[in-house]
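Shown below, as structure tokens, is a lone chain in the form predicted on its own; questions about how it binds or moves come after it.
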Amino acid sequence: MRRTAGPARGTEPRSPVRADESAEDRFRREFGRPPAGAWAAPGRINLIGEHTDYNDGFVLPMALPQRITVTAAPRDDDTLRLVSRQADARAELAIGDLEPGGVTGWAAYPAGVVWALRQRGHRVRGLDLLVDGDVPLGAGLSSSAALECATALALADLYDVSLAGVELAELARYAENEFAGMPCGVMDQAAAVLCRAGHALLLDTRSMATTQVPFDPAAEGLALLVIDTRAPHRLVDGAYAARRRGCERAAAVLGVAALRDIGNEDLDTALAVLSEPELRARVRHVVTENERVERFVELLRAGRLGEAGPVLTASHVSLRDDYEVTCPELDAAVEAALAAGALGARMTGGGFGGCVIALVPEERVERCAAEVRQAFDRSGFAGPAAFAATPSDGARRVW
């Protein structure tokens, strides 16, 4: 769902249906039988730590209240029938025919989870599955990871597979990497599974050690404003993969397992070794971004969130200048938010479109959102959407 907006291969458009139809009723109408249950996983915002997860670094995401829900029932054959209420489309696939690259669009994510479970020896069979949710698609809020994790939870329950926590997140990441073809790190899936309400998740992506860090902006008179720029967020076109390959190449030249192993004190020496300006810039971003995650967490734990704004803005500047993953809409949103009184702002997610987050005094939230809309109107960009985000719980069974 995130990163690919087109129809899934092997899907058919559906006729319009009533918006007020319940998921259970829609499931009965589509599949001719009742569902066995419903499972949900949230979208996420990454507070800081961008493009560090596939470099074995640190990230600090939080789960959103918006989530993807799958209503499902097992089958006694090897057919996978999928319906998406948002895409208004249906796919019917033979599990034995699933192969990487064989399914595209939204259906690749649940199909990829089925494929990944079978690749790892789990005895799962067919599934009827209805996808629903309110995570904005194409906004860089990890709707794909939410769909993967909700599907994995459903399959684990329906087929008695022992799969939870970090193991579930890593399997969902494997599905996205190997089946959907997106070489992401594990942050999105870990956030969808492991986040807790009222907290941000400090994740060491090398050891997979996690710490729940209390995060309550309202307690300090602040709000976390999410600005969806509506700029298409597509990462499977090679730009994301190119960044990852560059980091791996730099690590090989520097003789380290991953860029996580380069500390800030080693940065100048490392940069002197690298001859390519592009690789030097990529390394500088990853090393300094890990430092920014640690600084942000320090301020958060000390109850000094209001002082963390410049850390967010420095992250955006690094992503713009060194990692080169912003776009005009993202840069305009950051500039307008800061001009309207935000304490700090940055793009969040993989980049090339998607969302910006801004740390804003509560009394300036409406003004900030209005200034961004006006800036977009002056630039001829599509109108952005904005909402205040609160940290929420990770994936769970709904009923």
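Values in this document were obtained by computation on a predicted structure and should not be read as measured data. The numbering used is simple: start at 1 and walk along the sequence shown.
Same protein, other form: the form predicted together with a small molecule, not shown, and the subject of what follows.
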| property | result |
| --- | --- |
| Interface membership of residue 51, the small molecule in the model of the complex, 4.5 Å heavy atom rule | yes |
| Any non-hydrogen atom of residue 309 within 4.5 angstroms of the small molecule in the model of the complex | no |
| Residue 148: touches the small molecule in the model of the complex, heavy atom cutoff 4.5 angstroms | no |
| Residue contact check: residue 163 to the small molecule in the model of the complex, 4.5 Å heavy atom | no |
| Interface stretch in the model of the complex with the small molecule - options 345 to 353, 23 to 31, 63 to 71, 366 to 374, non-hydrogen atom within 4.5 Å | 345 to 353 |
| Interface residue in the model of the complex among 136, 217, 105, 185, criterion: non-hydrogen atom within 4.5 angstroms of the small molecule | 185 |
